[in-house]
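Quick setup: one chain, the form predicted alone, written in structure tokens, and binding and motion questions come after.
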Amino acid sequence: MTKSALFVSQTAEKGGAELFMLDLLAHGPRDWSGCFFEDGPAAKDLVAADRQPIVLSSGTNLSAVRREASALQMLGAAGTVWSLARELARTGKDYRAICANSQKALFVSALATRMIGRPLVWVLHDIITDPAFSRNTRRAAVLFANLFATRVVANSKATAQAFADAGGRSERVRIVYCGFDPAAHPQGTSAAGQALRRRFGLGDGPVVGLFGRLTPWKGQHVLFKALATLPAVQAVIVGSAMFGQDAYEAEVRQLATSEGLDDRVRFTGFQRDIADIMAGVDIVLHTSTHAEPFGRVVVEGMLAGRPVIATKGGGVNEIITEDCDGLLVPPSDPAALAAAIARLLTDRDFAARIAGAGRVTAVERFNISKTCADMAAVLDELS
């Protein structure tokens, strides 16, 4: 029996794109499956969810090709791409559609779908005009999408617009926002706050939380500059360095020391119980230094019933309505961030009001059931 869709990711590390895919597969139809180019935590999570992943054997060399890669580096990976495509084609023939969940997966899946005559969907999680992408990788991605993809699923209007601005065929684009299970996000309480303080050795003062991998564009350094002007505020930094960002982790740890924050900042590293930690902080922060394609942490903070302060731009502007269900600040502006934190800590009624409204927004607009239904509608268009 032919199955509905095979979702393909080049990595089984748990970044935003992989979490989107895991949520879809955990809550979507049983005939949606996940495929990875190499083993890792995301594949193991599928096993735990009773969804057997497919791990290809030819993909280990592709992980060295970064999104800022030169044309020569991309050419050097051609042999690996071809081997992966042939292996994916053998697996993909059992499915009605292949859904590439990343740029590298797009290149491999495009070749595989041509071999077996299946439609290709590219799930686009990035603002492709971002300078982090080299001109070569951007051009190659748009070319492959235009030539091979029947549909491009964008995780926000901002992501869709950037694809069109880069030359992508906008008539093929559909918006499918990331979705979450509200039941998996406990509400913030004073008891949760006390447990958090005990767990990480914090004092009685207010605690802000910053969640995400340690990398320059996530803006941990912006928060530390802001905290230097907020002597009563403590912070938990939840996440670790990924994809070769160890130097930045060392840099921000040194910054915390130089700003005199060692007694008020806790680096927790990677944590599995993110939702429980969010429920214990007083404010959830998002401090990205440039436009975010979507902003998972923003929605997760809203689901926790915590007031959220986020950086303006990109998909975040499609999540938060300013002064209604969250606060927005300019990117890379420690003074504005500090002022927003101080406002919420001073006006507790306002903070509670936007926290409650944020929870309603997140449950109604970013529910995993809606995400699965929207993705199923895209797949139905391929019939």
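Because the structure is predicted, anything quoted here is derived from the model rather than measured. One rule holds for the numbers: they count along the sequence shown, beginning at 1.
One more form of this protein exists, namely the form predicted together with a small molecule; it is left out here, but the text below deals with it.
Choose one stretch from 82-90, 255-263, 287-295, 189-197: the one whose residues place a heavy atom within 4.5 angstroms of the small molecule in the predicted complex. Correct option: 287-295.
Does each of V208, R306 and G356 have at least one heavy atom within 4.5 Å of the small molecule in the predicted complex? Not one of the three qualifies.
Selected contact from R213, R118, R138, K104, since only one has a non-hydrogen atom within 4.5 angstroms of the small molecule in the predicted complex: When the small molecule is considered in the predicted complex, the option within 4.5 Å is R213.
C178, V236, A145, A158 - the one with a heavy atom within 4.5 Å of the small molecule in the predicted complex: Residue within 4.5 Å of the partner: C178.
Taking heavy atoms only, is W217 within 4.5 angstroms of the small molecule in the predicted complex? Heavy-atom contact with the small molecule at 4.5 Å: present for W217.
Verify the contact flag for A17: yes if a non-hydrogen atom of it lies within 4.5 Å of a non-hydrogen atom of the small molecule in the predicted complex, no if not. Close contact exists here: in the predicted complex, A17 approaches the small molecule to within 4.5 Å, heavy atoms only.
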